[in-house]
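Single chain ahead, written as structure tokens, the form predicted on its own.
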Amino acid sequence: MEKTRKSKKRLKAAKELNRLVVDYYLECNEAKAVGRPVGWMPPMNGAIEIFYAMDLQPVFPENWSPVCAAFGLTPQNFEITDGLGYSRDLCGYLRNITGYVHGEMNDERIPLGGLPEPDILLSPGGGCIPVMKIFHILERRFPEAKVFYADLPQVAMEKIQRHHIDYAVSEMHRLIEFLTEVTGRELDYDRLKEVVKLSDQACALWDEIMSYRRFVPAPFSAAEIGIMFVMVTRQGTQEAVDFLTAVRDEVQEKAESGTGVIEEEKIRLFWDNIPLWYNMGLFNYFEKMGGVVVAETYSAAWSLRLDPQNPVEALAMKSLISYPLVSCVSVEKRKEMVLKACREYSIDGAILHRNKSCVPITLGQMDIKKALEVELGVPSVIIDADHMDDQNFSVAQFETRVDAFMEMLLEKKGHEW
């Protein structure tokens, strides 16, 4: 297996996704060309829907990093960041986007046209620390951009109270006032209701799509997880709803007809932590031994619902809970989430990605490993890697650990390899 490798996809929707990716980045650059305000923001927040409702262009520098990894641009971006004195131990997203914006970011050789320079920066006051630091770096890199400093409490989902929601609502209104002031555009609240309704429909479709992975055999694997691109970039749009409807229909047909990812599914696997964006082919590696990665940590990030009749409060809640759905969460909660997924998806074994680039989502894996074995009888294996930097990943070590792990799982279930 190569150190960098694309995944093998089976869904017909994969071709449509490629078009959507191209169209999105084309739209971003066209917005800049015609003078539609461009705002850079972190993913998973309520500002996305507000931007679409006000006909502003949202851009996601964190999401650009997986794109860079897929196109092999990260090494050159990391080299620039290294030259600026940033530690190689920092988050790969931070290192990549920092290198990108300090390099030739508008070079004609950059795939998909690259990112347009921001007119607006939404600097978060919540989420993981690297995301906040990314925007501090961007503020210095783009001094002409208007900056909105968001301020949201870091509260576990189960501890959110009315005063937290009220404060988040006030922040959403402050954002709307800011955008009106710097762009001259007024928010149409009826339009916002429509956008939030579309966003809620996308979330409902996402949950339905994920539910079909409980079928045995699973109709699709983690190799197809790129479909979440629309959940990052297109929430609140008809494009996202149409695409996810097509995915749902295809996945439903496969599930109900008993069509699995491979001819004979022997082992059902769970992947903890962020995928290796430069080597998504990793998810196909298990297939030669009858293994299918049927669930992963990242899927939970989009399992939320929004009330279109109360759009501002709905978006305030989204901003409060999006990060605690996956990261910025206690070890106990992380353990609970993984165990729940392993029960629901009938998992035989778990791969715990010890991610050098994301310590928050890696913390507690030894506790999770023990709980899986003791409470569910599910074995697990730890692999050492990095979701962005292939220099922190050994193919040989991965194959050695995984082969031994899969042999053990096959023997446990009475299968031959």
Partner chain sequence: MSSVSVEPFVSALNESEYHLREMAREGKKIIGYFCTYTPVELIHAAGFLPVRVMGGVGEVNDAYSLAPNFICPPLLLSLEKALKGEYEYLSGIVQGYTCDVVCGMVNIWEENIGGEIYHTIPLPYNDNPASREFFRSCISELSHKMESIGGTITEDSLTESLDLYAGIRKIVLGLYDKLSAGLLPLSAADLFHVIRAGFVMSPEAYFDMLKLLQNEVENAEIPGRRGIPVLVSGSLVEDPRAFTILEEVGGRVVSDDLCTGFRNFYPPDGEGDDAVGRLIDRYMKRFPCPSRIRAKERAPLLIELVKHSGAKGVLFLFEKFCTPHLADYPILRQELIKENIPGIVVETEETGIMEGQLRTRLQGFIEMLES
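Keep in mind it's a predicted model, so treat the numbers as computed, not measured. Residue numbers count along the first chain shown, from 1.
Not on display, but discussed next: the form predicted together with its partner chain.
- The closest non-hydrogen atom of residue 360 lies within 4.5 Å of its partner chain in the model of the complex.
- Contact between residue 149 and its partner chain in the model of the complex is found at the 4.5 Å heavy atom cutoff.
- When its partner chain is considered in the model of the complex, residue 263 lies well away from it, no heavy atom lying within 4.5 Å.
- In the model of the complex, residue 171 approaches its partner chain with a heavy atom inside 4.5 Å.
- Candidate site formed by 32, 184 and 248: none of these residues places a non-hydrogen atom within 4.5 angstroms of its partner chain in the model of the complex.
- Contact with its partner chain in the model of the complex, judged by any heavy atom within 4.5 Å, is made by just one of 217, 103, 125, 113: 125.
- Contact annotation: of the candidates 310, 330, 346, 303, the single residue with a non-hydrogen atom within 4.5 angstroms of its partner chain in the model of the complex is 330.
- Look at 50 to 58, 348 to 356, 33 to 41, 66 to 74: in the model of the complex, residues with non-hydrogen atoms within 4.5 angstroms of its partner chain sit in 348 to 356.
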